[in-house]
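In the block that follows, a single chain appears as structure tokens, in the form predicted alone.
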């Protein structure tokens, strides 16, 4: 529980600090940095669960539950401030890989995000009950990540 609270506090502090940067500098650097931090946290937690699911790491119920709970919290956070219109890769080359379509096709990106929330909620409910719970529920999380990246992220 303390780890989850620490993660939430760290994310809130990072978002607050980056939001200040966005407005103070009249640029999108803080928002882009917040999004990249979010993706790093997703990858870190998914990596732990993926290693357990593949048998590359021993299953640990507490670690699995914590990682899955973290994913659920991350997916459920309101980070709208980290996605201001105009902070895309076309307007900010070399700073982000977020395509302008993330904004121009917003209903589609919101739908995928909703699927991520649903998938992480199911994974969080099952991850602490055994490696089979991870294996049965990690696929939809990865599928929603892939769907968003395929549609809304530049490849390089």
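Small disclaimer: the values here were computed from a predicted structure and weren't measured. Residue numbers count along the first chain shown, from 1.
Only in words, not in the display: the form predicted in complex with a small molecule, which the text now covers.
- Checking 62 to 70, 127 to 135, 49 to 57, 109 to 117 against the small molecule in the predicted bound form, the stretch whose residues place heavy atoms within 4.5 Å of it is 109 to 117.
- Remark: residue 39 counts among the residues lining the small molecule in the predicted bound form, judged by a heavy atom distance of 4.5 Å or less.
- Though the partner is left out of this view, residue 97 does reach within 4.5 Å of the small molecule in the predicted bound form, counting heavy atoms only.
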